[in-house]
Structure formats: C-alpha cells, structure tokens
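The chain below stands alone and is given in structure tokens; this is the form predicted on its own.
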C-alpha cells in the first residue's frame, strides 16, 4: 500500500481530467503523475531523508506529497505561521531534509539546520513538461507516508506518524473509486499541515474530483472562488463556516447554488452556526467529520440525512444530535471508558477510545501509544447515546475538577450556547481556594443581543446543577482560535487569570 497507488489508479481511470488548480495554473492527473515522478527523482538525488514543505496551498503541495511517496521519503508539511526559532527546532528533528518553500521565504529559511531549501517555483519549473516515468515506488504499507507536527500547546510539538497503510485504509474505506462526476470540484482551504488537507487531496484524487486550492482563507476569497470555480464540495472548520454564513447573510439573498456538499470538523460547531448554514444553503448536504491527526482523518460522521432529521425533529433527543459528531465509520470501533479504563454504558461520560486499521497512534521517537488490543486513547472526552451517536465534551485535560467533581466544559458550553443572546463561549476552570477550581466562562454575544451575567448564570442553574454554574462570566468581542479552528482554551484561561 502506497499513496502513489491512489494516483496511479486515477491516471488509469481518468488521466486527462483536471486534477488540481491553483489560481491560473492547473495539472491533469497525467501531468500530476509525471510531475511527481520528476520531483521524486530530485528528492532521491538530494540525499534527503525527509521531503518537507513550508507553503500555503499551491501545486507544490500535491506534487511533493506524491513525489515523496514515490521516492520513499516521509512528507513533512510545516506550519508557515511558526517563528524562525520554532521552525529551526523542527528542522533539526527531520534533518537532512529537502525543504520546498514559498519563493518569498526561501532565502530567509536557508539557514535552517540540515535543510536544503528549494523555492516552490524552481521545483515546479523542473516538473513542467515531464514525461511519465515507470512506477518504481515501494509498496510497503508500514513505510512512513506523512509526519504531521502537533500544535504543541502543552509542550514541544509531537510528530504524528502516518504510515501509508493508515491513510490508504482510510481512503479505500470511505471513498468510491472514480465516484466523482466530471463536473465535481472540491474547494480546499484548510492548510496543508492539517490532516484534513492531506485527506482532501488523497480522497479527491481517488474519487476523481477536481481540486481547487485557496492559498489562504478569507470569507470573501472563499465565496468568490466557490462561485468562479463552481465548487460542488468543500471542507471547512467551524470558524470558517461562521464567517462564510455571515458574509452570505450580509449579501441579502446571496447563496451558492452549485455547492452540493459541505463537510466540517476540526473544532466544536456551535449549534446556531450549523442551523444558520443549513437555512442559508438549503440545497447543500452537510457532514460533520470527526477525526484526529493520529487517526488519519475521519473516524465518525454525522451525515446529511442525520442533519436533516435532527433539524426537522420535534424530539429533543433527535434534535440534539446536531450537536454530535455522528456515528463511527463501519471500519472503526469506538468505546467510552472511565478513569479506570472500564467501558461505560450509553449516556455515561468518559474518554473516547478508537480502534481500526487507519488508526496510527504513533509519534516519531516516542513509539506507538496503541494498547495490546489495538485501542488508541484520543484524550477527548465524550459519550455515546443509545443510538450510537458520539458527543464530545472536549479534551480530557480541560476537565474542571471542583470539590472532587469532574465537570465537562463542553456540557456547560452547550447550555450557554442554547441561549439566544450567546453566539460563542468558552468554559474553563480557574483556581479557587475553597473548591480547588471554579467554573468561568468567556462569552461572545450574538449581534444585536444583550444579556447580563446574572441572567446567564440563572440560565445555566435552571438547566444544570448549581455547581456547574459559572462563578465568573466575562464578555468578549471574539474568542481566540487557531487557523485550523481549534479554540485556544488555555489562552482564554490565561487572560481570565491575568484579569482576576
């Protein structure tokens, strides 16, 4: 199993179809195959052990991804928002590497330890007009395909290891080969260093769906590109979708009639946002895709039918499923376990464990974290309802411990978000002399709405135990998120502590 197998199959099935477009430049599947072969030759000749890239979405990303698979070098997409010091530390860990960089940054990155830097345009120029080479890649599924560095919010970034068999298993188990029509276009706006970006490329290639790359996200650029390129499919994180809906609503009756399917994930989706999106884009099918870097992308899905059924239901239990991440994929098993490692019953909260062929659970230099029975501890808290729908509470590390009682920030956030005046919120624990930790919340009000602290506290108290009522509530214009849509909860907590 090798990622190049996916591209080779695409070439055999629909080689003349356009595969990827970035601005005015495009490659067919045949051209992408030939370019990957030419770039693989350069990688092999360089003597590098890793093929790294530091760039926004561009043609260099899929070319280098498949070239690395061809040459047998792990592909390492780096976060272009990191500081020089942070990049230097990562470069040392993957040395010697061939680093493909955006032209404007190539010169400044030349001093990175162990990195031979090539600017993107130089790499692509050497692949244009290339003649397809005979396949020569290894088919060892245990070879490393991709290394993805975590955000490192609690320490030095870990390098998650994704082997060829993990990502190929995910694609084969969730995508129909050649299932996309010639008119289908996927708009890719998540950065290449996110697992969703890698999954979008490999899945679209196997399906035969044209990829249009958006170098950097803004709502204006996203909507304009979606209209110009007649995008039919897209993946966004919740903060992106919220901004897209805001823009469409500001344009009166504006919509995106060509858009058939929107997948979202990478962070908690506020119920109000998905409800607004479904109302604004009634012809689109929505899918909530939950997964982790360590699971090679999606492991649970709330599909279009689930969205429609939940949105139209008068049954509170069914309607609540809009706040879930759906049910596990057929190829994946999910369990909820308590602090002692015992499986809990439906409706009981605990840690999410997952098992399946696509699950890696491995970090470079640290080995595998999968247990003897194949289970991976996600460090996400949550529960399964009686019908098998998975609900997430947030990271286990974010649990608030008040007087010995464990409290899920997600549970309290759901109640706050149900208030018509609340657009977004973050719940954290802050030190408390009597109880150890107290509940605090940062709240963003919906446009044109007002509510005071006491009213919000009473709202929570009426729906949860009084111990879960935020002792402190502050109002914010916005909450901090990273570029992939994850709430920076620790920053919220730090700001609250600074203000106390």
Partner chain sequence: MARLKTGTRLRSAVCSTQVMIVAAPDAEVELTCGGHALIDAAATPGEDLALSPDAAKGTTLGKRYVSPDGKLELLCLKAGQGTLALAGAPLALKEAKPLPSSD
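If you're wondering where the values come from, they're calculated on a predicted model, not measured in any experiment. Residue numbers count along the first chain shown, from 1.
Beyond the structure shown, there is the form predicted together with its partner chain, which is absent from this document and is the topic of what follows.
- Residue-level contacts in the predicted bound form: of 200, 161, 112, 245, one residue has a heavy atom within 4.5 Å of its partner chain, and it is 200.
- With the partner omitted from this view, the residue of 292, 289, 71, 336 that lies near its partner chain in the predicted bound form is 289 [heavy atom within 4.5 Å].
- Here the marked residues 185, 224 and 484 all miss its partner chain in the predicted bound form; none has a heavy atom within 4.5 angstroms.
- Exactly one of the stretches 83 to 91, 423 to 431, 124 to 132, 294 to 302 approaches its partner chain in the predicted bound form with heavy atoms within 4.5 Å, and it is 294 to 302.
- Although the partner is absent from this view, residue 359 stays clear of its partner chain in the predicted bound form, with no non-hydrogen atom inside 4.5 angstroms.
- At least one heavy atom of residue 206 is located within 4.5 Å of its partner chain in the predicted bound form.
- Not displayed here, its partner chain is kept clear of residue 237 by more than 4.5 Å at the level of heavy atoms in the predicted bound form.
- Contact annotation for residue 343: none of its heavy atoms lies within 4.5 Å of its partner chain in the predicted bound form.
- Along 1 to 24, a non-hydrogen atom within 4.5 Å of its partner chain in the predicted bound form is carried by 1, 5, 8, 9, 12, 13, in order along the sequence.
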